[in-house]
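Shown below, as structure tokens, is a lone chain in the form predicted alone; questions about how it binds or moves come after it.
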Amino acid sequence: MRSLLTRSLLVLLCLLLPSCAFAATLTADADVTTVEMSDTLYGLFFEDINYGADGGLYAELLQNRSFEYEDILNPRAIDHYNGWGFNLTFGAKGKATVMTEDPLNINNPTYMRVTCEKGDYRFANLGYQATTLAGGVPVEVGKNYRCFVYLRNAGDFSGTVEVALTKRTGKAIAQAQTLTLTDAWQKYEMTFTAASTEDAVLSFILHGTGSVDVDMASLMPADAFGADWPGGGLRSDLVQALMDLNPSFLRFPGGCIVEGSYYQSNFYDWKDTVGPVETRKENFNTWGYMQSYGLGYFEYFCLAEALGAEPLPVVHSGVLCQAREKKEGDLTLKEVREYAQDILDLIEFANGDVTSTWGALRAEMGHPEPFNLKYLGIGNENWDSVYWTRFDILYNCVKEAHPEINIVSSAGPVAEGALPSSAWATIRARYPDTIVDEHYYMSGEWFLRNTSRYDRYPRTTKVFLGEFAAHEPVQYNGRRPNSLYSALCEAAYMTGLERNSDVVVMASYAPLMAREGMQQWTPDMIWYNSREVMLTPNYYVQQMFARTVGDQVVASSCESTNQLLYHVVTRTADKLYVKLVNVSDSEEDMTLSLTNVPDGTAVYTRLSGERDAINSFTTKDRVAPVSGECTIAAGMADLLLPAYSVTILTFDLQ
């Protein structure tokens, strides 16, 4: 009997021992550090893709507000009517004609001549994503909306023009404004208070016969963020989402739109984006729609300042987008030398004294203090000698005039192979003082396999991981998903970025934003529609990491049989951060052995769930961070890491 009991106990002990043996142990000494961490490690990259500016971050509610919409490859007169509806009153008769003679200004030469022949002729800006039954201008009951429009009596109009915030049917939902026109362009300003929550339109009703010229209509929430900026402000809920990411830098304006597509006229010219908003020259977007430039360089610098982020503008290098078929040549070397002055002017706009030409414009726009620009990218995803010959001219021009500016160079659009190898050889030989912009979008498995990528980099030239994201196979609606798994693969990779943050001094997920139903690229970190914002698992990973950036990396090691367990330990003067990423399908018992960490209670933030879980507008919190606590005593703490999770613990060091 005793023998049988003994054998049973031994069997039970053998069953228990493997569980103990497989428990993971992370060991670190808070006082032993390896490298100093970058204080600009996590930031944001904004590009007007997926209607990220117009229809997104920019607060303007009207689409094609100045009738400039025109496809650069296939210009058609009908495009100028985009976003507008004409002849909306039953029984009325009239027409709308695209005009360019005697425009409001030469930068935006197109306007609309609307002629009423009979009845009360109504036309309207429908906003974004209007339907047959409803408009696309979201208004909320009790809120105020600032409106302005430029109008002119074309010479034969007798009557008045009524401007009204209405339903698609024409029923007013705010007090209408009645205007009497002159024979010169005049700006009319008004404020509407919405009497109901609606998907509205901005209607114009001609009471009388004859022709009226219309240009540059605008409608914005009065509570827009930066409502006093010349561009009119930004969408407040999206700005808050950016603020909550705690970014250390803000890269702008792209991306491929910097380089321009097909024609030199499509280069992003910063000078077109400043000054009074009605004089800014619109440009066709690489991604297939117009850029109003209401969110221009002034608004960008102001936003970076509000976010507490270093501005990092990127200018084109004189090379058209190398990933698209060019319709004309790149800038000649002579033209590049002339173009260099535009870059110097941009630096003056950002940093110049108010007595300088461009510093004076900055002051006139409302910001006499300099923006303290320290970084400048030359080129986006450019490569080969066509880039380097032009980069050399611009690099030397900027360095000669402004040696204090940190220049960012391009390593091309891919992670591996001959192209980035060649770029790095050129950079190390000729421009080792630049920060090298690497871009890559790879599978989740690639990111897991390459967490040690930067372990092998020389510790001299610095890296800016300007665009990265884990791309999973298309799953639904033709989209690559913002799944928890993709976010965890990025989190695992970011432990390697932190471990090597003496080399990788900046990193930003891309793309940043997408409007639901109007996207050209997936996945994207922040999604929104006309009224709501939806945050993705990828957003939460970036937020969790950016909120817990240390000053030094702490030496650490982890013993585990789990090959999909990743970690990094960092510290500040008074905090120790332990980041743990479990990308396996099994939960993990974890023991932390932390020397020189006082007894007490650590708080943690965790993101976990089903492997392929995604958030949506109907289930926005399906994957969202949760908080908890664990106790540390005599340097020891125990916790359970769920399958498919990232956990960040914060320990007090004082």
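In this text, residue numbers run from 1 along the sequence as written. Values in this document were obtained by computation on a predicted structure and should not be read as measured data.
A second form of this protein, the form predicted together with alpha-L-arabinofuranose (AHR), is not displayed here; the remarks below concern that form.
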Quiz prompt | Position in contact with alpha-L-arabinofuranose (AHR) when the complex is considered in the predicted bound form, options Y150, W521, W358, W446, heavy atoms within 4.5 Å | solution = W521
Exercise. Name the residue from Y263, Y81, W424, Y441 that puts a heavy atom within 4.5 Å of alpha-L-arabinofuranose (AHR) in the predicted bound form.
Key: Y441
Quiz item: Does alpha-L-arabinofuranose (AHR) get within 4.5 angstroms of any non-hydrogen atom of E47 in the predicted bound form?
Solution: yes
Self-check item: Contact of F192 with alpha-L-arabinofuranose (AHR) in the predicted bound form (heavy atom, 4.5 Å)
Solution: no
Quiz item: Just to confirm, E381 within 4.5 Å of alpha-L-arabinofuranose (AHR) in the predicted bound form by heavy atoms?
Solution: yes
Self-check item: Close approach of D213 to alpha-L-arabinofuranose (AHR) in the predicted bound form, 4.5 Å, heavy atom
Solution: no
Self-check item: Which of 360-368, 505-513, 569-577, 156-164 lines the interface with alpha-L-arabinofuranose (AHR) in the predicted bound form (heavy atom within 4.5 Å)
Solution: 505-513
Self-check item: Residues in 249-279 close to alpha-L-arabinofuranose (AHR) in the predicted bound form, defined by a heavy atom within 4.5 Å, in order
Solution: G255, C256
